[in-house]
Each structure stands twice: as C-alpha cells, then as structure tokens.
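Only one chain is given next, in structure tokens, and it is the form predicted alone.
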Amino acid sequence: MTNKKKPHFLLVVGLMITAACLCFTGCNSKNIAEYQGTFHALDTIAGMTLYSDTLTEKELAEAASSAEDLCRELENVFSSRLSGSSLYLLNGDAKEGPVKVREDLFYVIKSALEYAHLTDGAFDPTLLDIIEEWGIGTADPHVPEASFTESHKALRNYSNVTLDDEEASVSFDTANFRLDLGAIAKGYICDRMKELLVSEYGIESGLINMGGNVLTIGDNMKKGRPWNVGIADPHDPSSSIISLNVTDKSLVTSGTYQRYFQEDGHIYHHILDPFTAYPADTGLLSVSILTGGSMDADALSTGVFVLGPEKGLKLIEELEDTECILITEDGEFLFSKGAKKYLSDQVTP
C-alpha cells in the first residue's frame, strides 16, 4: 500500500527565531541602543538584530527598514518563481538570444557559474526544471518518473550559459534548461543588506538571520564578545548541536532536515544532485560553511554537500578564509583544519 505523502516545511536557522514581532528596547546602562525584528522574505522568516552606541532606536529601526526593503527589491530580481522577476523573464528569453540584464543579476549568475566550475558541477544553477518536477517545498512534492530523471541527470547545462561581460548579457546555447539561483542569491542578498547597513547607516554591530544564512556585523556590542551562532541538530532542529564564536563573518548551513517529504517510506530532501537528478546521497546530514561573504558560503554549502565529505573537505582546505563543519548520517562531526578555533560552549546568541 502506498504511503500518503507528507510534505514538511522546516526552515531552520542557526539562531532560532521564536516570535514574529518587532521589539524596541531602551538603551541599557552602557547607552547601547538596540533593534530586534523579524520579517518574511525569500520564503522564510528573517531576523535582524542591530546595536549602536551612536545611533538612536529610531535610527536603528530606519536602518532595518531600509535593509528589509532592499531584501524584497532583490527578491523580485532573483526569484525564479515570481512572474515578472528579472530572472523569470531571463529564463523565458535567453534561449532566443542574448539578453541584457541588471548588473547585480549578471554578477550573481557569473559567480554561480564560477562555483559550478569550481565544484565540477556539484553546484549547478541550471536545475530549475528538475527542482520544479520534484516539487519539494510545495504542496505537491513527488518522485519524478524514471524517464524524467534519466533524461535530466548529468546534463551540466551550466556550460551552455554564455555571458558577455561588455554587454552584461546572458544567453542559453540550448533550450532544455532554466536557471535557478536559490542556492546563491539569498547569500548575495544578505551581503547587500550588510553593505547597506554599514556604509549608509554606520552600523558596527549586527546580525542578519535569513533562514539558514547567518551574517554578522562586527562583534556583539551588547555582550562585548563575538556573536554566538548555533548549528542546528539535524535530529532536533529546534536546538543547536554546535555553537561558534563569530565576528564579521557568515555561517550558512545546508541540511537534509530543512525541506523534505516522505513517500513509500523513503525521505527525499531538497538538495538535489545534478549527476543523478535525485536528492544527494553522500552520507551527510548537514554542511555548514563559515567565511567572510554569505554568497560564497551559500554556494559552497550546497556544493560541498553534493561533493560529499572527502571531496568537500579537500575543496574547502584549498580556499582561503573558509572553514566547514560536516555532520554525517553516522553522527560524526568533520571539521576543516581551522574550524575548531571558532567553537564555543555557549548556545545562545
């Protein structure tokens, strides 16, 4: 008897957001103004914490509002599902010939292709057709027909995306794929939000939490120490299994527990392997990347997950200022050489 499909939607963040509310807290004895708030964007509940000893609470709220507006503006650029978004339109037109695109969209596509080559296709931004066929994270997830996965696996269509740097144009050499930037654009948006907060508002202490993407600004000014950022327990994602001391860096985690469904007794997660057109089966439950930029960490968390422990760790060791923590299906923790220096005994931010 066929088991009924049970879609699960679990957006796990390193720092657990427990309320969708806006709070303003008065200055403490050290005269530090504070902003804490949440908002919905990019299919997740995002959180932001800002501290300042020079700005007022009102000014911090204005800064946060500007960052939220930027996030929503960029969602309308990079979403592959929003009709009328820049990426949506590109996917419809690029197979007919070169399409001139926005500078930021061109930059993210170019970066995505660079990570595709760096990971030898483990990170692949051309999987939208496969992603939509699986439907993981929608109301109708299902295992595709074998004929579909056979015809779509190992296509390496990222090599069929042609970029013109001078014209900032994009074209597809074949018509059998569409771009999906979901595994890199969220990180880019976090980076842009941080840039706005720092350059336009002078924020020196803050944290952006975007559903698995955590980006810090400076130290935690209120507590006078680095930010304490948690990695979710894959078996109990409401709690942290590891915590890290983080200053001015990003931590991005990709895990099997974040979005998945069950069918006929099998669990199918959302991290798809381009070589099989099935969820990646590399013995991993989660991959966490710690580095300076959220976009880089975003792409690498997916790429390393698909590469698996051995190849993934080897890649990370070749990159500067980049660390990773892997959790295997056997409960083993694997660390890149420099990762353990960030470990903390604390479990709260």
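The first residue of the sequence shown is number 1, and the count goes up from there. From a predicted model like this one, the values you see are computed outputs, not experimental measurements.
The same protein also has a form predicted in complex with adenosine monophosphate (AMP), omitted here; what follows describes it.
Adenosine monophosphate (AMP) in the predicted bound form comes within 4.5 Å of no heavy atom belonging to Leu251. In the predicted bound form, adenosine monophosphate (AMP) sits within 4.5 Å of a heavy atom of Phe123. For Gln258, a non-hydrogen atom is located within 4.5 Å of adenosine monophosphate (AMP) in the predicted bound form, even though that partner is not displayed.
Gly182 belongs to the set of residues with a heavy atom inside 4.5 Å of adenosine monophosphate (AMP) in the predicted bound form.
Here the chain stands alone, but in the predicted bound form its contact with adenosine monophosphate (AMP), taken as any heavy atom within 4.5 Å, falls in 268-276 among 190-198, 268-276, 156-164, 226-234. Proximity to adenosine monophosphate (AMP) in the predicted bound form, defined as a heavy atom within 4.5 Å, holds among Val306, Leu290, Ala63, Ala46 only for Val306.
Scanning Leu113, Met221, Ile241, Ile131 against adenosine monophosphate (AMP) in the predicted bound form with a 4.5 Å heavy atom cut-off leaves one residue, Ile131. Judged against adenosine monophosphate (AMP) in the predicted bound form with a 4.5 angstroms heavy atom cut-off, the residues Val214, Thr216 and Glu323 are out of contact without exception.
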